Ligand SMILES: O=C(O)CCC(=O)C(=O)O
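Okay, so here's just one chain, in structure tokens, the form predicted alone.
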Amino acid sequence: MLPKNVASGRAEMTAGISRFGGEAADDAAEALSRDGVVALEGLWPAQRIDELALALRQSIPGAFDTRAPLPEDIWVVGTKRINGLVPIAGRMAGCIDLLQNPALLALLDKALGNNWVYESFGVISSFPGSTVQKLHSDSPHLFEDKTIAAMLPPFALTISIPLVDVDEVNGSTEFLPGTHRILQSPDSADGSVWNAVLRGNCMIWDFRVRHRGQPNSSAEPRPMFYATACRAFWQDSTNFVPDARKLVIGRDARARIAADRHRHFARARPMPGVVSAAQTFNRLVRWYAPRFHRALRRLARRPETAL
């Protein structure tokens, strides 16, 4: 049960980060604009998050165990930390339901306008022994040398859904509130704030705000499912290789998208299959062996010879 002032929609300050219940989208959007980070509480039952964690462990065991197969698209984001993209299909199809939570959607509508889109889905895991990250922003300002850049509304947000309870032992994320409004962000962590985040809650932050993951001093991994939401004009060219499959959704997951919310998944690509493999092969032949490709096309168009 939420604290009374959180449940009523008023912000409560815990270590400096504003926390809101599900009915406070307006207040949460205002705090997000001011501080660059907010927490939404009580969005999902803890059991639902446990089910998602089990599905992720079965689909991508490397998100929980460094000795297991890792995600396909993966990069290191610090000592004993990985960031990998996650296809939303099969066991993971239920992620679509989480991402359509009414309170979450209301906040995203307020912060990004009605035509925002999801840009990527992934998991960030901090394993036992991980050290503190460097302070960073998820993206630089749109116009790094212009004063107006720090005055603009958000162009992209990170939605962080911890799959285990997060505290000072396994390493929460700490922030420097207001640094999304500064062109030259400080490298010092003086004044940083953090929250414990229970299963069923989430953190949302502006791509420009300075933050870092704290050390994981526990004996267990700390996986965090995340999604990026952004305005339709923007694409993430900072955090991914050009051909990364940032947003893959299977048919089973796509069928769970509400009719009035399909626009948010406009960038989604289908799970690879026979058709996509054939298309990729055809493209490679056309690009790298154009003469052979033209010969194959002529052969395919040749009428059968009468016997």
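Counting begins at 1, following the sequence as shown. Bear in mind that the values here come from a model prediction, so they are computed numbers and not experimental data.
Not on display, but discussed next: the form predicted in complex with the ligand.
The stretch in contact with the ligand in the predicted bound form, judged by heavy atoms within 4.5 Å, is 171-179, chosen from 188-196, 171-179, 104-112, 144-152. Heavy atoms of no residue among Val117, Lys246 and Arg267 are located within 4.5 Å of the ligand in the predicted bound form. Ile124 is the sole member of Val164, Ile124, Leu98, Ala89 with a non-hydrogen atom lying within 4.5 angstroms of the ligand in the predicted bound form. Of the candidates Ala229, Leu85, Ala93, Met224, Met224 is the one whose heavy atoms come within 4.5 Å of the ligand in the predicted bound form; the others do not. Asp73 falls outside the set of residues with a heavy atom inside 4.5 Å of the ligand in the predicted bound form.
Of the heavy atoms in Gln133, some are within 4.5 Å of the ligand in the predicted bound form.
Although the partner is absent from this view, Gly200 stays clear of the ligand in the predicted bound form, with no non-hydrogen atom inside 4.5 angstroms. Remark: His211 counts among the residues lining the ligand in the predicted bound form, judged by a heavy atom distance of 4.5 Å or less. Using a 4.5 Å cut-off on any heavy atom, the one residue of 138-167 that reaches the ligand in the predicted bound form is Asp138.
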